[in-house]
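Only one chain comes next, encoded as structure tokens, the form predicted alone.
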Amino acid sequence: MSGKLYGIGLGPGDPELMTLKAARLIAGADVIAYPSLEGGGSFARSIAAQQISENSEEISITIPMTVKRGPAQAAYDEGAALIATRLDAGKTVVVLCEGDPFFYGSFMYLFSRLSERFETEVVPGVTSVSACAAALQQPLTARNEILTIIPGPMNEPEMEARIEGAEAVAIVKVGRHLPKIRRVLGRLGLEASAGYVERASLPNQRALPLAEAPETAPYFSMILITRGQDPWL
């Protein structure tokens, strides 16, 4: 019989934010797979490191850092092929994913390649949006408010249009797009009601008003905006 595939959400970075189910499955897996950066380590593996058994085989899927889709898709093709051989051998394979597997998570690309052939279970994780709201001590939404999530790479005119008509906003993947986002929020008069978080839940976390944020931001950074209230009063 084929083995079972698990996509495990690890949460935003603090190992203590992993679910009990995630920790149990990682510790008991035959094979642990995870994405890693080209020439660098794996953030996902670093979160789960204490749970990984020395008896587990590890598969590192190296993802090229490029905006072109082709190289990354080829990496997921290769990673899926390696995982498939282990599943065909009847092994349990856990794929580690920072955050939540289906919230901008890398696991979705392996899921699309493997789930029709093998029994698959997805274990949700604490999202970065929840972690950033907790860091800012700022409610995301209340009562009938609608939360809009916007990726930082979105083009400037579309971003402005979507934020202008939104109630509560989370802008993810800020990174190098911070100057553009600041321009948009400045034109909409929303900078004073925006909070900035980088590396949520990690020891070097920073959470502060956007007006006091640095000029440059890491990839793991987010901006939260709540209309109608100033969270800093």
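Since the model is a prediction, treat every value here as computed from it, not as a measurement. One-based numbering along the sequence shown.
Quick note: we don't show the form predicted together with another copy of the chain, though the next part is all about it.
Contact annotation for the candidate site: Met65, Pro71 and Arg182 all lie away from another copy of the chain in the model of the complex (no heavy atom within 4.5 Å). Contact annotation: Thr85 falls outside 4.5 Å of another copy of the chain in the model of the complex, judged by heavy atom distances. With a 4.5 Å cutoff on heavy atoms, Glu156 does not count as touching another copy of the chain in the model of the complex; it lies far away. Met108 belongs to the set of residues with a heavy atom inside 4.5 Å of another copy of the chain in the model of the complex.
Among heavy atoms of Ala211, none comes within 4.5 Å of another copy of the chain in the model of the complex.
Annotation for 135-166: interface residues with another copy of the chain in the model of the complex are Gln137, Gln138, Pro139, Leu140, Thr141, Ala142, Arg143, Asn144, Glu145, Ile146, Leu147, Thr148, Ile149, Ile150, Pro151, Pro153, Met154, Glu158, Arg162, Gly165, Ala166 [heavy atom within 4.5 Å].
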